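Only one chain is included here, represented as structure tokens and corresponding to the form predicted alone.
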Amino acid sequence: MKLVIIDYGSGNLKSVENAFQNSVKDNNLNFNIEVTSELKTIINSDLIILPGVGAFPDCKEGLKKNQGLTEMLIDQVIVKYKPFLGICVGMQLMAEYSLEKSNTRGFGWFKGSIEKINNVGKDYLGRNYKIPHMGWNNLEISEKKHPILKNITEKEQFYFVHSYYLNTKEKSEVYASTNYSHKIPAVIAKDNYVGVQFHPEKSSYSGQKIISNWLNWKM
């Protein structure tokens, strides 16, 4: 099977590629992984990953510079129903719009907006919450478990780095959250597509479990 990691000028591409290569090797899976921006290669893939680092509008602009990429993604994920994983801003791009810097439209695959984290209050050590939310946090997993969270416990830690979060009323699409002054969706899913606000490629053994679960989900 062919898995593509989309290169649109944003994302820890080498880190993501290495993490998925390690998972494929560790699980003895038959996957060919390629980092690419070529539409033909993406069209011929079986699974799609969209990483993302930086500001939402900049990432959206990076997609737009690759002519036809956004439209092709909609066709491949929504129409062709290919498994899709959005990481960090790659997850946020699936929302309806973002308020970061300016009002910027997303894909609209999830209802809700990307808004700045409310950093009012103090953490359990009495410190002021800082923006960005950067570091290790655990997950609060919903009772309705998604396959990507198989064998994941609420004691495990995942690496976050972001200043904005998904504000959604569609709670049934939020399978795990984290707390940083308020509840923040950390794993969202619908049909064949999944988004994670944290970076599984930087989340050590627990991140590798998430990656392996996603790879095995639609096998």
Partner chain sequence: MLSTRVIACLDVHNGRTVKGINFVNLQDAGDPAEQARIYSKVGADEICFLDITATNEKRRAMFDVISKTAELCFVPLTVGGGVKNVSDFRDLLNCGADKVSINSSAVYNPQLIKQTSDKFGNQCVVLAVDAIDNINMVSGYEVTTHGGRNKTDIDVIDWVKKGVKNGAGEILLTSMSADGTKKGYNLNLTKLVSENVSVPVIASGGAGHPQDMVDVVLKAGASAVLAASIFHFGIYSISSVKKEMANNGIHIRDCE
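Every value quoted in this text rests on a predicted model; they were computed, and no experiment measured them. Numbering follows the first chain given and starts at 1.
Below, we refer to the form predicted together with the partner chain, which is not included among the displayed structures.
For the partner chain in the predicted bound form, the listed stretch (141-149, 118-126, 103-111, 67-75) containing residues with heavy atoms inside 4.5 Å is 118-126. At a distance threshold of 4.5 angstroms between non-hydrogen atoms, A19 is in contact with the partner chain in the predicted bound form.
With a 4.5 Å cutoff on heavy atoms, Y159 counts as touching the partner chain in the predicted bound form. Although the partner is absent here, S98 sits far enough away that none of its heavy atoms falls within 4.5 Å of the partner chain in the predicted bound form. At a distance threshold of 4.5 angstroms between non-hydrogen atoms, I43 is out of contact with the partner chain in the predicted bound form.
Three-residue candidate spot K2, Y8 and P83; no residue lies within 4.5 angstroms of the partner chain in the predicted bound form by any non-hydrogen atom. Residues I131, P132, H133, M134, G135, W136, N137, N138 of 131-152 are found to place at least one heavy atom within 4.5 Å of the partner chain in the predicted bound form.
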